[in-house]
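First, one chain by itself in structure tokens, the form predicted on its own.
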């Protein structure tokens, strides 16, 4: 790889990297995207696919602000993606029912209404009618297809370092691995904020389609259903490094929590158990979406539990900043 082959190097081929690559290619940039493994295999396609900025947020923060903004971008984002690829991505704005908020109900309702979110009181629950679910695997495949149609080169390799001087712009979007990638500018290595993997278990059940008209949340548990009937329940939060093992004890505990939310799951046997690595940021003040000082390197990582939700807004922010710098 060199500047003879690409104007922009994107390190990381998940939803974040792929969406930025597509947007930059739309602007006429020559883009190469590099990933060490299966593109999007550790976080993007492992996630359940919730588009839930409000029910995910218990306080005012950049997560909530960016999430609401990104959710509003999604309809046009998907329409444009389908127009370019001819592929439809399963996305249902079915709403989220937040069960048993208890004493927090009034505070959460006020917080989310102030953020511009529709929220309704339903007995002992809060309902968010504008939230939904998406198939992240289908979204990633469509983004890859759209990028390749516009000339994005995709390479599978592990980069031991990145020499930013070889490109007009570099984007670090490698999820939990981002902060550990050595990136060198003319004056030496660039300091990147740290990132860490936050392991999460998920389980899936084959159930009758239409069992869950909305997706459900209670405390630390969520349960959603895809159009084909697959019910996904999550999740755990484990700070154990890049441990890829699936622990039956964690899955069994998650099964008990899910059955408390959806009683029909108590007698069902999971057909799938898996884990993913959320890209945890160094500080809990939102993802890292900015340029490194005055270099030609941008950072797009640390999305934690919200990478799927924040895909459209991240691509918009990064493509706009890079386009302005390269103009």
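Numbering follows the first chain given and starts at 1. Bear in mind that the values here come from a model prediction, so they are computed numbers and not experimental data.
Although not depicted, the form predicted together with a small molecule is the subject of the following passage.
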Q) Which one, 156-164, 183-191, 77-85, 105-113, holds residues whose non-hydrogen atoms are within 4.5 Å of the small molecule in the model of the complex? A) 156-164
Q: Could you tell me which one of 117, 91, 202, 212 places a heavy atom within 4.5 Å of the small molecule in the model of the complex?
A: 202
Q) Can you check whether residue 279 is within 4.5 Å of the small molecule in the model of the complex, heavy atom basis? A) yes
Q | Close approach of residue 308 to the small molecule in the model of the complex, 4.5 Å, heavy atom | A | yes
Q) Can any non-hydrogen atom of residue 235 be found within 4.5 angstroms of the small molecule in the model of the complex? A) yes
Q | 4.5 Å heavy atom contact, residue 31 and the small molecule in the model of the complex | A | no
Q) Thinking of 36, 49 and 222 as one candidate spot, does the small molecule come within 4.5 Å of a heavy atom in every one of them in the model of the complex? A) yes
